[in-house]
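Just one chain is shown here, as structure tokens, and it is the form predicted alone.
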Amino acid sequence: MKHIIIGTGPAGVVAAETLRKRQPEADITLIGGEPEPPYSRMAIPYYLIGKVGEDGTHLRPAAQHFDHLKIHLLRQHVTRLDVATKTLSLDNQQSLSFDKLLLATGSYPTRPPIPGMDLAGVVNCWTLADARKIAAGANKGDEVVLMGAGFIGCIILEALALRGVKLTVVEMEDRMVPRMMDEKSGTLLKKWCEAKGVRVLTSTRVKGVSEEKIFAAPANSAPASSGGFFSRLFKPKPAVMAEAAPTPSGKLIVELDGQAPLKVDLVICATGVRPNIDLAKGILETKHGILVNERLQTSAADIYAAGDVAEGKDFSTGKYSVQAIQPTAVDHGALAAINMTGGHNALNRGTINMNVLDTMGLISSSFGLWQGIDGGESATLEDLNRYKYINLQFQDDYLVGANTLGMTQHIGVLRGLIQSRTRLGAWKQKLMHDPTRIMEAYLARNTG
């Protein structure tokens, strides 16, 4: 049996290892388009603050890990997929055949269509190569703009602050992390960051980025004469001066809507990502991602998809969506591998929307339908001075969503109650009065 996995993130690596456990004699090839060994994007902030070296970002620390498992690791780009012949074409002109294929191609960062986003001083924070650029260009005292205060932006925000840069965060929405936090919690997170010395501009749009035009004198220009005005005026210029062009040098100018322009050393773009579905377009059924069934099969029976690129059933809504988070990628990788090797009970029952984020020491989380549903009820408790907030969303006596800030002890319980669809009974009214009793409710409803 020949298995090929495209993508060396958590989904791809876990899938390869699971395939090897289930089929010791199978031919397994893992293909990644980056020159580095498989690594975790979630470890990039630790690299930026010097807590780990590059090898500390690797998903598997042992240098010969994949060799020992007899997993062929190729560092190539796949340029074409042929479903009919079950073959792949690589950018080195090589062709590979497969029996089963897993697409774990992840996401790619997006940039807004504004002038100047292609300048050298504008970088993403998505790959290890990006991290190297940030480490070189964001040092103590440097002025840095971080575009985007979403999940990705907030992951690297603390690392940038710890590097000692003068950081300004620009977010076009009215609050931080708008896709996982409501107005109160997102605004409270902004207040927390500002108290830590980070400038946060919400409801602000970047209109463009340009280079400051400062012209340095050519290196071979002659020094000014020590004579008087007339001697300087009539002194012939060296012939070389006519040939030397001034060299532009300087900072970046970030134009903002409704704010004064910012003069900075580096712009980091963290405005979002999109599933990398290029290989599947026109070949497999796609929408936002690659559509998969409960076994993570695509519209071609022997081709599977997992992780950020897979669009499967959402646990809470029953609709199809992409859940681009690492826990989902790990689960997908294992489930896909089981099904690729003939498993019958490894079904994806629907992915729950789940985000847990550490922003400069303040933990925030959201689960399920955290924005609530039509006709539902909600309960909120807050202590703004202590940066604590909890909001619960109900449908009848079920907990369907939650959003918290500064309250880590309830994270596992919230997910458990939502995912198990536990009926709360009389505990629903108790939680409406005091949402912090969620642990008591969980124990009462699950221990009888």
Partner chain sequence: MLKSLYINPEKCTGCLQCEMACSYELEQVFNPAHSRIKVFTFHDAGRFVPYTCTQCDEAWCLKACPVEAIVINAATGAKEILNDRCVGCKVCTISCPFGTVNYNSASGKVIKCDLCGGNPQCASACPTGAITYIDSDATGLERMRNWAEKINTQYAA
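Only a predicted model underlies this, so the values are computations on that prediction, with no experimental measurement involved. Residue numbers count along the first chain shown, from 1. Rigid core: the largest C-alpha set superposing within 1.5 Å between the two forms.
Below: the form predicted in complex with its partner chain, not depicted.
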{"item": "Proximity of Gln409 to its partner chain in the predicted bound form, heavy atoms at 4.5 Å", "value": "yes"}
{"item": "4.5 Å heavy atom contact, Gln395 and its partner chain in the predicted bound form", "value": "no"}
{"item": "Contact test in the predicted bound form: Gly372 vs its partner chain, heavy atoms, 4.5 Å", "value": "no"}
{"item": "Contact label in the predicted bound form: Asp67 to its partner chain, heavy atom within 4.5 Å", "value": "no"}
{"item": "Option touching its partner chain, based on a heavy atom within 4.5 Å in the predicted bound form, out of Ala159, Leu335, Ile152, Cys269", "value": "Leu335"}
{"item": "Val413, Ala379, Ala26, Ile31 - the one with a heavy atom within 4.5 Å of its partner chain in the predicted bound form", "value": "Val413"}
{"item": "Partner-facing stretch of 255 to 263, 75 to 83, 362 to 370, 279 to 287, counted where any non-hydrogen atom is within 4.5 angstroms of its partner chain in the predicted bound form", "value": "362 to 370"}
{"item": "Heavy atom within 4.5 Å of its partner chain in the predicted bound form - qualifying residues of 42 to 58", "value": "Met42, Ala43, Tyr46, Lys51, Val52, Asp55, Gly56, Thr57, His58"}
{"item": "Core fit, then Lys51 C-alpha moves 2 Å or more between the shown form and the other one", "value": "yes"}
